[in-house]
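Only one chain comes next, encoded as structure tokens, the form predicted alone.
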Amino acid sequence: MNDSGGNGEKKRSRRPSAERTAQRDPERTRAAILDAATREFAENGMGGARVDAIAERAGTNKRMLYHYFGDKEQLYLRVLEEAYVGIRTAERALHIGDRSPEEGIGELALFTWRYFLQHPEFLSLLGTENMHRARWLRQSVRLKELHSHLIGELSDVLERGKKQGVFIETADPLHVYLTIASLGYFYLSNQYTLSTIFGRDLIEPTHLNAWERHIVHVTLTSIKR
């Protein structure tokens, strides 16, 4: 009886394997939850995403998810923040301020288009958040700081171009970025309906490459003297 009781006590004292793993490597667990949540929110939106599904995808349980991120809304905000951190961090690596004004703007246009192509989940998250009128995005101080740096660097490039007589005096950094982002976002977010309506497979490599060149051309033409 003593042995049986001892074994029972041992069994009762065991933690679920997901919790044991999380305690051994909390950073890995957080990263797995964020990755799973990104996929779930991108596929199903804020309303359709399920915490159970996120936990299952991450190989953990709901208890650990709540422990690290609080609740579904806080997790969603964290996913949004990380999505923006990803693109803003990659943009900084371009060092557009170290290039000639034309080359800097052209590289930003190319990068943005290619990033959108490689990260469809980012576009899905943007669509979801716009449906909710940026309800969660407004809560993030972190994102305002990130975007401030982007506009600041873009402003510097445009100012150099104006002084060199390359860009028009009215070239506005926000307008330039909106031109770049909207040309890429609209094309990819509506690729299925547009392909069906116009009878052209817009996702074919030849069409993607042509649109890439078009984005750079339109962006630069709109601000050049």
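Since the structure is predicted, the reported quantities are computational estimates derived from the model, not experimental observations. In this text, residue numbers run from 1 along the sequence as written.
FYI, the form predicted in complex with another copy of the chain isn't displayed, but the following is about it.
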Contact of residue 200 with another copy of the chain in the model of the complex (heavy atom, 4.5 Å): yes
Residue 147: touches another copy of the chain in the model of the complex, heavy atom cutoff 4.5 angstroms: yes
Close approach of residue 194 to another copy of the chain in the model of the complex, 4.5 Å, heavy atom: yes
Residue 189 within 4.5 Å of another copy of the chain in the model of the complex, heavy atoms: yes
Contact test, all of 77, 93 and 156, partner another copy of the chain in the model of the complex, heavy atom 4.5 Å: no
The single option of 53, 181, 166, 31 touching another copy of the chain in the model of the complex, heavy atom within 4.5 Å: 181
Contacts with another copy of the chain in the model of the complex, stretch 160 to 174 (heavy atom within 4.5 Å): 168, 172, 174
